[in-house]
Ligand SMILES: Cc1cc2nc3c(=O)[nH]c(=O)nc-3n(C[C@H](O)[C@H](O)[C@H](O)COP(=O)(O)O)c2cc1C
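Just one chain is shown here, as structure tokens, and it is the form predicted alone.
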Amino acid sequence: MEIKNNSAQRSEALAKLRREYLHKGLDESELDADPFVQFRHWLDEAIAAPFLEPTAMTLATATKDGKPSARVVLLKKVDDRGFVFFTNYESRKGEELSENPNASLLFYWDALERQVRIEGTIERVSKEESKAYFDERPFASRIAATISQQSRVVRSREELEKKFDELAMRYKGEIVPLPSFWGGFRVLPGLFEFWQGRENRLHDRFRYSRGAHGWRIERLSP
């Protein structure tokens, strides 16, 4: 549907944009008792599907007084403890996670008509784990991470490129050291929600919540 230039027409056209969800639904009998196992099943299917970034996830954080922000980051590891991503610890998200160690993740795989929402607390991964991943990155990515003052104002693109070229020349043929301000965070889940689109907007939603004796699974109203 073409979106018109006129503001009123555009609003009307946006309101009419819709599609029906036609994939197979999700029944509780199909769910694994362990949400980490269930997530890996869905992640494997997303990786096999034609997604540009199947590991892309929206990370929501908040300041200590509750002002939220969100951005897309890439999942780099999932284990039985949680979900790992890497960033500049002095970035906005890094500072917010340092003062308020609560976060939410959202995976959205539109071609599969699926979402996974995760809520939990944050911890930093070990320096050894951060270094192991940093050393695996392409040379240019390591240089970029080192020169970037993420989330800070920069005067020009030329200034960034000049810093990049200078550091790339300095470390040409050498090991780029792990910056002290760069590393990984692990989200430790307390809640998972698996969402499968269904016809007539009667979507299937299942919540895993952690209890004293393991994970409890509940169906939620769409």
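Throughout, we count residues from 1 along the sequence that is shown. Everything numeric in this text was worked out from a predicted model, so none of it was measured.
Only in words, not in the display: the form predicted together with the ligand, which the text now covers.
Colleague: Is Q150 close to the ligand in the predicted complex, meaning a heavy atom pair under 4.5 Å apart or at it?
Modeller: Output for Q150 is yes: heavy atoms within 4.5 Å of the ligand.
Colleague: Does any heavy atom of V72 come within 4.5 Å of a heavy atom of the ligand in the predicted complex?
Modeller: Answer yes; at least one heavy atom of V72 falls within 4.5 Å of the ligand in the predicted complex.
Colleague: So in the predicted complex, does F86 come within 4.5 Å of the ligand, heavy atom to heavy atom?
Modeller: Output for F86 is yes: heavy atoms within 4.5 Å of the ligand.
Colleague: Is the gap between S91 and the ligand in the predicted complex 4.5 Å or less for some heavy atom pair?
Modeller: Close contact exists here: in the predicted complex, S91 approaches the ligand to within 4.5 Å, heavy atoms only.
Colleague: Which of these stretches, 113 to 121, 72 to 80, 100 to 108, 138 to 146, has heavy atoms within 4.5 Å of the ligand in the predicted complex?
Modeller: One stretch meets the cut-off, namely 72 to 80.
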